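The chain below stands alone and is given as C-alpha cells, in the form predicted alone.
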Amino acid sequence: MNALETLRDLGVDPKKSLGQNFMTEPAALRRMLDAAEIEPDDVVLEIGPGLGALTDLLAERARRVVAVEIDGRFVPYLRGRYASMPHVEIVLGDILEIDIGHILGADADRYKVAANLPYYITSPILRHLLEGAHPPSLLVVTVQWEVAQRITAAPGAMGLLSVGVQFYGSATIAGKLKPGNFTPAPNVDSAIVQIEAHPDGPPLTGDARDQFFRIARAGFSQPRKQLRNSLAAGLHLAPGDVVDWLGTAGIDPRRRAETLSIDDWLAVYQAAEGRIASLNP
C-alpha cells in the first residue's frame, strides 16, 4: 500500500501547518538509513515518523527506536503497526517541548537522530538538539536544499546557521532529493544532511558559549559591513576598540563575518574575554 492509499484509509490529509511531506521513495529512504550509519547496538530518536516508512528501516537495524510524533492522528496507527516490536516506542509530543533525557533514560548519553524534519522549523529543532543537555552523537536530517548549503557552508559563505551547527559538529550533505521523493511533493529540492558531533563536545559551554554566540550574532547583524563596523554596532562599542580587539585575535578588521571559520570566531571570543564584562547585555 502506498502513502496516498494509507492516508486515505486513515481518513487523514497532510497538514501544511505541520510541514507534512512524507518521505516515501525507497531509494531515498535507504540513502537516509545509510547516512545514519546504524549499528545493532544503536539507539535512534526519530522525529516525525508519519506513516513509519523510515521507522521500518530503523527498526530492522537499531537496538531501540524512539519515534516522536506531534500529530495525534498518526499515533494509534503507528502504535498498532509496531505493537509486536517492543524495541520501537511511539511518543506523542512536540520535540521542542520533550525532555530527551526523560524519554531516552539511560540511553540519553549516546544516541543518534534520524528525521525528515518539517522545513519551517528546521533551525529551532537543530538548536534544541545540539544545545540541549543530551546532544546526539550523530544527526541525519532532511532539509531544504538551500538550507543544507547554508548549514554546510565553508568560510567565504558562512552564516549564523552554519556557525551555529558547525560549532557543535561536522556537517556534510549526504544526498540531494527531488520533490517526487515525498508525498505530497514539496515545491523545493531537499537534501540529506549528516551532522557528526565533535568527539570532545563543543569548544565552549555555559556562559562562555552564550557569549561566543552573542559576538557571532553581532558580527552577522550587518553582514555586508566589515567586522569592525558590524561588531561595533551590534555590541555598542567604539569602532576603534573593536579594531584593537580584532588585532589581538589576529583578525583583519576589514574582513566580513561570512569569511571567518569557527576557529576564527573562537579567536575573536578569546580576545574578547577581558572585555566581556564591559559589553552591554
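Note that the structure is a prediction, hence the values are computed from the model and not measured. Note that residue numbering begins at 1 and tracks the sequence as displayed.
Keep in mind that the form predicted in complex with a small molecule is not shown, yet the notes after this line are about it.
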### Message
Against the small molecule in the predicted bound form, would residue 174 count as a contact residue? Criterion: heavy atoms within 4.5 Å.
### Response
no
### Task
Determine whether any heavy atom of residue 71 comes within 4.5 Å of a heavy atom of the small molecule in the predicted bound form, and answer yes or no.
yes
### Query
With the partner left out of view, is residue 234 within 4.5 angstroms of the small molecule in the predicted bound form by any non-hydrogen atom?
no
### Message
Although the partner isn't part of this model, could you tell me whether residue 94 comes within 4.5 Å of the small molecule in the predicted bound form, counting any heavy atom of the residue?
### Response
yes
### Task
Identify, from the list 121, 160, 153, 75, the residue with a heavy atom within 4.5 Å of the small molecule in the predicted bound form.
121
### Summary
Checking 249, 35, 215, 47 against the small molecule in the predicted bound form, the residue with a non-hydrogen atom inside 4.5 angstroms turns out to be 47
### Message
Looking at 62-70, 220-228, 249-257, 35-43, which stretch has residues with any non-hydrogen atom within 4.5 Å of the small molecule in the predicted bound form?
### Response
62-70
